[in-house]
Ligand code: 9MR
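For reference, the chain that follows is the form predicted on its own, supplied as C-alpha cells.
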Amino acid sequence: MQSFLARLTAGSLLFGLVLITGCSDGSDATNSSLVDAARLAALDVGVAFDDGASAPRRTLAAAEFTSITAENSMKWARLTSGPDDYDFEAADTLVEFAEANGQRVRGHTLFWHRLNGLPDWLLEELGAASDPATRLRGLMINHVSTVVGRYAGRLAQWDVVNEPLAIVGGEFDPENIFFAVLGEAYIDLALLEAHTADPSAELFINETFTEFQPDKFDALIALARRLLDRGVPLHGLGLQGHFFLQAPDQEVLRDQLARIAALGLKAEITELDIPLSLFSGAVDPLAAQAQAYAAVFNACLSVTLCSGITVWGLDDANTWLDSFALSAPNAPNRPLLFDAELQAKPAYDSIVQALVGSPR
C-alpha cells in the first residue's frame, strides 16, 4: 500500500499544478492518481463494489474512484426473500460508504431476469396469480417505489432495466419473464415508476455484448427511440463492456457512443473488464491489455455525452469472470486495474494518461 499512497499524494500535487498552469498534455500522467485525472477530464470513473470487502480494498475504492456501483446488493434477488420482505442493510452500507467519500452512486439494477437478478419467489408468485400480468405490474410498482424511493435524491443514476434483449441478436430475450408477461410495456412501466419515485435520478437501460454485434446495437437504439417517442423518461444507455470474447475496437465503440449521444442521451460504459488472456500471444500481455483499456477510455472521451466508465470489480483476485461459465476456463482472467496484491497494473497508467491528455 505504500506505493499506492505515494502515487496518490503525487497525483494530488500534479492535479493542483495542472489547474494552475493549464497544462494537460499528459507528459506527467503516470504521476497522477486515477481519481484526480478523472476529475480533470470531467469523467466519472467508477468501480463495482459491495460492502463485504476487506479494509485495504475499501481504502483503495474510496481513494481511486469517483463513482461506485452496487455490484450485487441492490439487485431484487439480494434485497428480498418475499414480495414485501426487504433487507437493505448491505445496500445502505454501500450508499453510506460512497457518500462518506464524496462518490457518485449508480443503482444496479431494478429489473433483470438472468443469473442472480431475479428473485427466487417471483415465478412462483406469478404462477399462483389468477392474472399474472396484473400481479407482475403490482410487484414491479411496489419494488420501484420501495427501492428507488428509499434512495431518492441520493443516487445519481439507476440501471432501471438490465439486458432486455437476447444475448445474441436484436430481439427481446424470449426467456425474459417481464417481456413474456407484459411485452415491451414493462420497460415503459419501469422507467415511468422510477421517475415518479425519484425525479432527480438519471434512468438508464443497460445492455451487454452490443459492442461487437451491430444488429443488437441497432435494436437497442431503436428501442430507445421508441421510448423517447412515447415520452418515456429515459436519460441514458449503458454499454456493459465485458470484453472477454474479443478486445475492444476503439472506432466501433466511439461510433456507438456517438449514436447514443445523437439521441440526446448520456452514454456510459458500465461494467468494463478486459481479461489478460485475450493477449496471451502478445510480447507483453500487460502492455497490450493497457492499450485496450486506453482505447475504451479514448472512445468515451471523444464523445461529450459519454459521462462515465465503471470497471466491474476492483482487483484481479475478485472478478466474476473466474467463475462465469464462458470465461472460467481462462481463469485467472486478471481483467482489472489492480492485481491480486492491490498493486496498479499498466492498464491503470494507460487510463491516467488518456484522462490527463483528454481535450475535454
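Here the structure is a predicted model, which means the values were calculated and not measured. Throughout, we count residues from 1 along the sequence that is shown.
Keep in mind the form predicted together with the named molecule is missing from the figure; the text below concerns it.
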Using 4.5 Å between non-hydrogen atoms, is residue 115 touching the named molecule in the predicted complex?
-> yes
Is residue 193 close enough to the named molecule in the predicted complex to count, meaning some heavy atom within 4.5 Å?
-> no
Wondering, does residue 106 line up within 4.5 Å of the named molecule in the predicted complex on heavy atoms?
-> no
So in the predicted complex, does any heavy atom of residue 80 sit within 4.5 Å of the named molecule?
-> no
Select, from the options 106-114, 126-134, 83-91, 219-227, the stretch whose residues sit within 4.5 angstroms of the named molecule in the predicted complex by heavy atom distance.
-> 106-114
Taking 51, 57 and 315 together, does each of them reach the named molecule in the predicted complex with some heavy atom inside 4.5 Å?
-> no
Which residues in 69-86 have a heavy atom within 4.5 Å of the named molecule in the predicted complex?
-> 71, 72, 75
